[in-house]
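Have a look below at one chain only, the form predicted on its own, in structure tokens format.
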């Protein structure tokens, strides 16, 4: 399923020359702004409002319902409240690293959406190593977490940063190995090719999404993704009952907003990867592709919120043991089994 990237689509709509370097640079920036705005809008809706509503529904409580219809204006209220707070810099902080950490956390997740096909022509680029690029960009978020923890000059923050490193090392390897099993099925790292390989019918009306072709890999990836985005039972780096708030303890005002947004953007990036490699990307009947894509990533977000409300947090030693002794072994077994099946059947 090959389609023109968004900058080229915009050039054709506006009657501009798609072969002009200057035109493509400008339209690439415009396209990046449009996709970034779409993801930031989803994040703004999910963070202050949807998270509270979903958690309240799971725990039989009443969430925000006083500020605007259905409490939607809590988004504006939270933005004003947080951005109007004083930015307090801890004494002894490593200022360059402390300032850069929130920017790295927020920006690296946004960069991953550049190669995600969200619908016909709604992607910035479609490189042959698209999936590898997404994994590489997503993994750099841990650099920001370590910088935030180390630079804050706070033992709780530093402990949260160390836990983030340990968690990412333990779960990124199973995440990538499970993604590699999809690459074996599709025969390509290119995101559009992975989506195209899922367009046929598996059995009757059931599509050949890799979530149906290999449900074991889908479950492994969903669990590893929970650890990657720091949701229960794997929210160890910011466990409030143990280390206050971990790597973000000393942050306030706009820096806290950037970290908070980065956390939820990363959740939606994880949902976008799952939707692309396991759920057919933007594929779906009747509705436009972009609508189906948003439905799927919100479905993954709903799952992470269910885990946040229903699954108790594990201890740090249990988390490491699950990652290295459980997830790694199962993901390797899945990869080898997939290779054998594809090798025999093809």
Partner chain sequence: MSNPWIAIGALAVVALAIPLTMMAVSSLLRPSVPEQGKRTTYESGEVPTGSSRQIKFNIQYYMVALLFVVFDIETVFIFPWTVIYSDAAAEFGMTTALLPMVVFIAILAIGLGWAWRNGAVQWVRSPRATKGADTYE
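Residue numbers count along the first chain shown, from 1. What you see is a predicted model, and the numbers here were worked out from it, not measured in a lab.
One more form of this protein should be noted, the form predicted together with its partner chain, which is absent from this view; the next part is about it.
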Legend entry - Options 94 to 102, 196 to 204, 268 to 276, 215 to 223; stretch whose heavy atom lies within 4.5 Å of its partner chain in the predicted complex: 94 to 102
Inset, instruction - Just give me the single entry in 106, 211, 74, 122 that has a non-hydrogen atom within 4.5 angstroms of its partner chain in the predicted complex. - result: 106
Legend entry - Among the candidates 227, 258, 138, 146, the residue which, in the predicted complex, approaches its partner chain to within 4.5 Å (heavy atoms): 258
Inset, instruction - Spell it out for me: taking its partner chain in the predicted complex, does every residue among 10, 46 and 51 have a heavy atom no farther than 4.5 Å from it? - result: no
Legend entry - in the predicted complex, residue 285 touching its partner chain (heavy atom, 4.5 Å): no
Legend entry - Distance check, residue 63 to its partner chain in the predicted complex, heavy atom within 4.5 Å: no
Inset, instruction - Indicate whether its partner chain has at least one heavy atom within 4.5 Å of a heavy atom of residue 248 in the predicted complex. - result: no
Legend entry - Contact label in the predicted complex: residue 158 to its partner chain, heavy atom within 4.5 Å: yes
Legend entry - Partner contacts for 314 to 337, taking its partner chain in the predicted complex and a 4.5 Å heavy atom cut-off: 316, 317, 320, 321, 324, 325, 328, 329, 332, 335, 336
